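One chain comes next, on its own, written as structure tokens: the form predicted on its own.
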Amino acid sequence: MGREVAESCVDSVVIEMVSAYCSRLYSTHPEIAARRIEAIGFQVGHQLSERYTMERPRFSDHLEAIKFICKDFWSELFKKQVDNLKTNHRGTFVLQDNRFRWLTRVSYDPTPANSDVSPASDPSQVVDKAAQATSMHLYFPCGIIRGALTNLGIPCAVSADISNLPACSFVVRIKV
């Protein structure tokens, strides 16, 4: 049996990492915080894909590697497969997770102590702040996906879309 870590510990570390980078280390520079969080995810994804593909032959094409990410890799990380995979057959793939585990525990407190926006003054600004805070939690998994695919020989860009929490779509664009 391999080494394992409790899911709650991983969840807590991810939440604390995002909080530390966004609130303490780079509170005035969210773009730097986002790049640092994504870079940590890249390293994690790179190393995990190395571990999970050690005894496998190299993938013959992009689709085969993406399917590996959706099934085996995702199952190792989240104990479930990606719910849906779409492609335009021109280098763009959309991985849909209808209940992304790292977003199920994310919450945002819109009190004036945590925000420069009063909830009573403009609710749309509170929603914008909440969406921005939630999106910071997606740089890490985007980095994991990019790192894993890069290790498999597929340079790409990965972005995330959250339109209906806790569902999340990861858009993978293969670089030519």
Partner chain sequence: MIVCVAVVGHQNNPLYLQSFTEADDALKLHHIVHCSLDVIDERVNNPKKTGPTLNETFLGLLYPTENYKVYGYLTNTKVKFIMVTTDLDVRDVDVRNFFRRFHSAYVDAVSNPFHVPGKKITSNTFAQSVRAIVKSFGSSTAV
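Keep in mind it's a predicted model, so treat the numbers as computed, not measured. Residue numbers count along the first chain shown, from 1.
Just so it is clear, the following notes concern the form predicted together with the partner chain, a form of the same protein that is not shown.
- At a distance threshold of 4.5 angstroms between non-hydrogen atoms, residue 27 is out of contact with the partner chain in the predicted bound form.
- Interface residue remark: residue 152 is counted as part of the site for the partner chain in the predicted bound form, having a heavy atom within 4.5 Å.
- At the 4.5 Å threshold, heavy atoms of residue 36 stay clear of the partner chain in the predicted bound form, well away from it.
- Though the partner is left out of this view, residue 46 does reach within 4.5 Å of the partner chain in the predicted bound form, counting heavy atoms only.
- Applying a 4.5 Å heavy atom cutoff to the partner chain in the predicted bound form picks out 50, 51, 53, 54, 55, 56, 57, 58, 59, 60 from 50-66, in order along the sequence.
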